[in-house]
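Quick heads-up: the structure tokens below are two forms of one chain, split into structure 1 and structure 2.
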Structure 1
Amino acid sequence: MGIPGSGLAKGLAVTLRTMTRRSHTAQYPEVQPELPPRSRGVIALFEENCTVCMLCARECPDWCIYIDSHKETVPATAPGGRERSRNVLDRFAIDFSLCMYCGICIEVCPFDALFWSPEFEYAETDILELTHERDKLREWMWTVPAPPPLDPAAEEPKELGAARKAAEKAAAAAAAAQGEAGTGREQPGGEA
């Protein structure tokens, strides 16, 4: 056992230490906080990239993403071709009263249609108003920061190297074909 009253003395010592420090009060509404880069606020939608594949809604553990679409027939691009059908997005909504900000929907999106936005001021007085439709999600897209620059010392992605080699090979083949076509021409001024 320790000395009687030692716990009280330790508590008072902590109190005295904190009383002598200068307090730091965040003047929040007037002064915006300095957010860390790539912080998670809300989920923004880049509607042009959405193909209505429904992966985000299927993988969401809270089932807070609501998507409605309809099929539209696209005419053939070439004569004699066949018509194609595609999904057209009618409704894309996220219920932020259910969302737990896990980011699974952003990770599984194969077409980069969902992004983290650092926007965090979207409080509502009614919980039913926390379901934000695609217009609001599209507005948040403009607050998404640019991706961080690539490390200059990093290794080039294999896809870029393969694409560059294929482009160089195609350019060399085109130059060779052009050279052969230039030497095979008849000279003007022949027999009339």
Structure 2
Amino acid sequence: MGIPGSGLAKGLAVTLRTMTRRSHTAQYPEVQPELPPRSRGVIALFEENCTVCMLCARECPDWCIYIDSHKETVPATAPGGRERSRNVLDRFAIDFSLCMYCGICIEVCPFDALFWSPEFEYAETDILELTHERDKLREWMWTVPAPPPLDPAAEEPKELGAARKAAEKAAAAAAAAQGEAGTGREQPGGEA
């Protein structure tokens, strides 16, 4: 308890203190927001990696990914070799009026062709225009940030471990073969 009215005074002090501090308002159109890492703004397509395996379109819970493709035969690289057939992407579109940003397509893509981009300013006045085609999705690829650094003391990614093992094996083999030291032709762990 204490002095009568101290509660009232405390309330006044709180509001006064808040007034002297900076406000929390995000002045969005003037000042771009600072988005956290791994923000899910839009799905970007790195179409060079896409093999038209259709996994993303099949896994999509909303069926919002449209993929068209045709097969092309690639002439044999070596004379007398077999002709190979290759899938060529004709259309890759995502309907963002249906997409629920679950990110399953990105998870399942085995060839790292889909990425999360933090870009979010793609509102349209017509709902049909929210279906974005491959060129637009490819454009968004440029806005995909580098993957955020791992947490300190985090487990090493599997790829790095595998690569390093392979490199060590190769180095050991090279060292056994020659006295010349393999100074690391590959340095995959350099960035991490």
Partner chain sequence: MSDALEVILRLLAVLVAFLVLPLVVGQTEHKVMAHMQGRLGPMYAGGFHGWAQLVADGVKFAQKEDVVPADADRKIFQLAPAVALLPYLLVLIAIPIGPGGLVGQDIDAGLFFVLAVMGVGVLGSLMAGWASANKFSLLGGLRSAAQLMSYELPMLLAAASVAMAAGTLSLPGIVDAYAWWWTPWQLIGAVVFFTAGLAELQRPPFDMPVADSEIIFGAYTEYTGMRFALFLLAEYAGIVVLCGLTTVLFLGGWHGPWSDSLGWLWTLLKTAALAFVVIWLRVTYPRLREDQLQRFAWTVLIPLALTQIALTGVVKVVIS
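Counting starts at 1 and follows the sequence of structure 1. Values in this document were obtained by computation on a predicted structure and should not be read as measured data. The term rigid core refers to the most C-alpha atoms you can superpose between the two forms while keeping them within 1.5 Å.
Trainee: Just checking, which of these two is the form predicted alone?
Mentor: Number 1 is right.
Trainee: Comparing between structure 1 and structure 2 on the rigid core, is the C-alpha shift at Glu48 2 Å or larger?
Mentor: Stays below the 2 Å threshold, so no.
Trainee: Please check if Lys165 moves between structure 1 and structure 2, taking a CA shift of 2 Å or more relative to the superposed core as movement.
Mentor: The answer is yes; the displacement is at least 2 Å.
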